[in-house]
Each structure stands twice: as C-alpha cells, then as structure tokens.
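Next comes just one chain, in structure tokens: the form predicted on its own.
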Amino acid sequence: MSWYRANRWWVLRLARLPLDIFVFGTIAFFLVRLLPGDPVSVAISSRSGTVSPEAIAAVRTQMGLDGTVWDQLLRFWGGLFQGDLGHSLVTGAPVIDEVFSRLPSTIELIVLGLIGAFVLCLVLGFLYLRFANRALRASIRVYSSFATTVPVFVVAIFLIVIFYVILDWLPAPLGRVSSGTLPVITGFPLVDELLTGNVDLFGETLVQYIMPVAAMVLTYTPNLLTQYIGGLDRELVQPTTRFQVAAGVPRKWIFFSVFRRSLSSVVVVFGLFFGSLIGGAVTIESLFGFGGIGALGVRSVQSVDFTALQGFLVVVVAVCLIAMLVVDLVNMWLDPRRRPGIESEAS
C-alpha cells in the first residue's frame, strides 16, 4: 500500500486510459452513424441492372451493417478489444492497416511543428527575460497576442504565395518529394530515408517540409508564448526569486530557475495542442499534397465508409489521449503539487 500511495499519481492516470478510449470510441461509433447516406447504397450503385433484396442483404452483412445498431455496437466493441477495427467498405483492406500506414507521416509532421514551436517559444521567452528593452518586449507581446486568431491554412497560403509564387525560393507544394518514391520501413518518411541511406531524398523532403512546418510554428507559437510570458512575469516577483536575488545567486542561475518554474503551464498547453495540431496537420497535408491520415478521413466521409471513419476517429482520439497522459505525467513530475491526493497528504 505504501508503494501505491507513493505512485498513485501516475497509476490512476494510466489505468484510466483504456476507459477513456472505450468511451470516446463509443461516441465515435454513434457520431459516424449520424452521417447522411447509406454505405450499402453507395456500394451497389456501381452495379448494373436491378439488384435483388437478397443481394442488398448480403452486401449489408458483408459490411457488418446487418442487425440493429446495438448488435453493430457489440461487434464494434468486440473488435476494439481485439485490436480489430474492421475492413474498409471501399477498399476492403483492414482499417488498422490503412490508419497505421498513414499515421506515422502525420505524426512526424506534428512533432516537427511542436519542436519548432517549443524552441521558438523558449528563444522569445529568453529574449523577453534577458533584455529589459521595452520595444523588444512589446514586440514579443504583440506576437503572442495573435494566439488562436489566424488559422494555420491562412499562414500556409501566405507562405506559398510569398516563397513559391513570388520569390520562387521553395519548390511547388506537391508532396513530400517531387522525384522518386518514399521508402517504407517505419512509416516515418525522414527516418526511413536516413535508414536507407538516401541522403538526396532526405534533403528533398526537408526542403518540402519548410513551408508546412513554418506555418505550424508561426501559428501555434503565440499560444505557447502567451502562457510562458505569463509564467515568467509571475515567477519574477515570487518570494523564491527575490530570495535568490537577495542571497547574491548568480544571474544566470536565477534565469535558469525562473525558466524552469515557468515551464509547467507551457507543458499543459503543449499537450492540449496535440489534438489541434492533428487537425492542423490534416489541413496542411491536404494543402501541400502530403496525403497522410487526413486523406483517409476525407475519403471516408466522401464515400460514406462508416468502418474506416470510425476507425480513423478512434485511433486519432487514442493518440491524443496518450499524448495528454504523457503531458499530465510530465507536468506532475515537474510540479509535485499537481499530483492527486497531495492536498489530503499535506493536511
């Protein structure tokens, strides 16, 4: 019991993850069935001549859409527990294979955007803290005020117009590579290019990533920066900081202490952005012709592919929940006061 009391701050959070995925998977199941259109009608529309009711019933059974919605839900739950998301009603391929063949490339793009936004946030935060220049601080605050005001696709279009159409500095936004074929080992394009030793293709992909990653960084950094600047301003006037100054602690260590204590709020927002970045990455992938997980979602909606769409939603939600779990654990590790039960233990 002593081990559990000392570690329940992460045990409880980890144990809740499967339940959260199950609940959101059920919600996705019912949301998908609110879409207009009948996938069976779409499937048989390409057949010539009159289709008999028996043939329609056979197609419905083959698609797993026979029986009541509760029967379908039980089959969905059973498959979910076994890691089986069914087969696409359009391609016939297992949905789990379709999703995970596309997901790594999308995650790669998201991770690059997150790293870029985090690094830019730290650099601007350092400049804000290090230099007491009013014009510089005002400029950083103005940039942070753009949080959630400019959509990522607007920034991406501006970058395309400026750096491709007008200046012609960057290549056309027509995919991750303009020549050759991406190798597939892990599913992460840049990693696979390095593993196969294809340096030329790696460089070509990096160049193609400049505009989409820059659009994500410029769009999402202000949100992180708003939280970080607020944390820096609060920590600068905390008794801990004043004590360090009075005790003659070197300035660089005071800066480091303020930086570290201000990071907790940024970590929280960092995790919340993961879901937003998936949505942003879907838009970016469509705009730049990358064809990641977003293309599967769009195709599933257009073709009324219930199975692929609900599998797409379940996996995306699961990835977001796992990201939030990691963020919660890191945040509670950085700040033990956030751990569950800490108040009762203190009292």
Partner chain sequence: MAETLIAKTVQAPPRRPARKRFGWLRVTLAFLPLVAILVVALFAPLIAPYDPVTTVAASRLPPSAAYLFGTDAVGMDVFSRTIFGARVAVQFGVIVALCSTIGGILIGTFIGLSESSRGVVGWIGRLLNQISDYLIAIPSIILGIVVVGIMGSSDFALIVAITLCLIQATIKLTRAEVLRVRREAYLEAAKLAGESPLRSALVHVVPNSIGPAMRNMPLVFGNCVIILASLGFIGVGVKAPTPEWGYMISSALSSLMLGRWWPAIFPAIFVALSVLAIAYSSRAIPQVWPYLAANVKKRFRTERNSRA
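Since the structure is predicted, the reported quantities are computational estimates derived from the model, not experimental observations. Residue numbers count along the first chain shown, from 1.
In what follows, reference is made to the form predicted in complex with its partner chain, a form of this protein that is not presented.
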T26, W77 and L120 each touching its partner chain in the predicted complex (heavy atom, 4.5 Å) | no
Its partner chain contact in the predicted complex: S139, any heavy atom under 4.5 Å = no
4.5 Å heavy atom contact, P53 and its partner chain in the predicted complex | no
Using 4.5 Å between non-hydrogen atoms, is P151 touching its partner chain in the predicted complex?
-> yes
Wondering, does P104 line up within 4.5 Å of its partner chain in the predicted complex on heavy atoms?
-> no
Interface residue in the predicted complex among L114, L129, V177, V269, criterion: non-hydrogen atom within 4.5 angstroms of its partner chain | L129
Just one of 202 to 210, 78 to 86, 187 to 195, 130 to 138 has heavy atoms within 4.5 Å of its partner chain in the predicted complex; which?
-> 130 to 138
Taking heavy atoms and a 4.5 Å limit, what residues of 242 to 256 are near its partner chain in the predicted complex?
-> R242, V245, R251, I254, F255
